[in-house]
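Below sits a lone chain in structure tokens, taken as the form predicted on its own.
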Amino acid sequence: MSRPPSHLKPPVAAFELRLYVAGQTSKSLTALTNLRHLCENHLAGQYSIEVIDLLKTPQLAAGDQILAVPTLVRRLPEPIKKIIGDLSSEERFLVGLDVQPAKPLKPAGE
């Protein structure tokens, strides 16, 4: 079987993100919605998201040293970075994960 030409391979995600949650709580769902929105605005086409529900697989919390949920872990690019909370702050997301904004942020109060 032949392989597809290299120009047809899907791009490798530059940002590998894991969102740790505990069930389908409103805070977990808000965090996932906010994460998808932030990624589309600032990392379009350069990210992958893996959602890990610690109610189903609690043993996975140890690997990334998860102490609270929801927690977002940036696994790639290194170094690993974490943000705890529902990701409602765009500035905290950008600074916490060391992401360059796609467009300038509005100053507070506008």
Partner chain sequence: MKRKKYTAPEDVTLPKTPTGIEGLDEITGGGLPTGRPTLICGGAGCGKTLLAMEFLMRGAMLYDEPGVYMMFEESAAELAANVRSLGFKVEALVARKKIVLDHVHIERNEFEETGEYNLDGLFIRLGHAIDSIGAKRVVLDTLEALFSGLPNHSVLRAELRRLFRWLKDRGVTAIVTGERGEAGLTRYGLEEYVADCVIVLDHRVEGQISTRRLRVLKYRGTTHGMNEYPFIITANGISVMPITSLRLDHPAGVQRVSTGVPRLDEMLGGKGVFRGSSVLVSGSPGTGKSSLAAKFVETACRRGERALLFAYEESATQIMRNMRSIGIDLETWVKKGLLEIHASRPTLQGLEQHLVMMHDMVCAFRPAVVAVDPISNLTLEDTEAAVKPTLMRLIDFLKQKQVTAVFTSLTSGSGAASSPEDSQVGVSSLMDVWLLMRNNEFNGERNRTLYVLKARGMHHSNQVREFVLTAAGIDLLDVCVLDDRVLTGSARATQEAHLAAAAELRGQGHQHRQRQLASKRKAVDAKIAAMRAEVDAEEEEMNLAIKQELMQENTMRQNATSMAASRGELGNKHNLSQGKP
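Positions refer to the first chain, counted from 1. Only a predicted model underlies this, so the values are computations on that prediction, with no experimental measurement involved.
Not on display, but discussed next: the form predicted together with the partner chain.
- Contact here is defined as any heavy atom lying within 4.5 Å of the partner chain in the model of the complex, and by that definition each of A68, G85 and R92 is a contact residue.
- Here is the short version: of L32, A61, L43, I49, the single residue with a heavy atom within 4.5 Å of the partner chain in the model of the complex is A61.
- The closest heavy atom approach of R36 to the partner chain in the model of the complex falls outside 4.5 Å.
- Among heavy atoms of A22, some come within 4.5 Å of the partner chain in the model of the complex.
- Not displayed here, the partner chain is approached by K27 to within 4.5 Å at the level of heavy atoms in the model of the complex.
- Not displayed here, the partner chain is approached by L55 to within 4.5 Å at the level of heavy atoms in the model of the complex.
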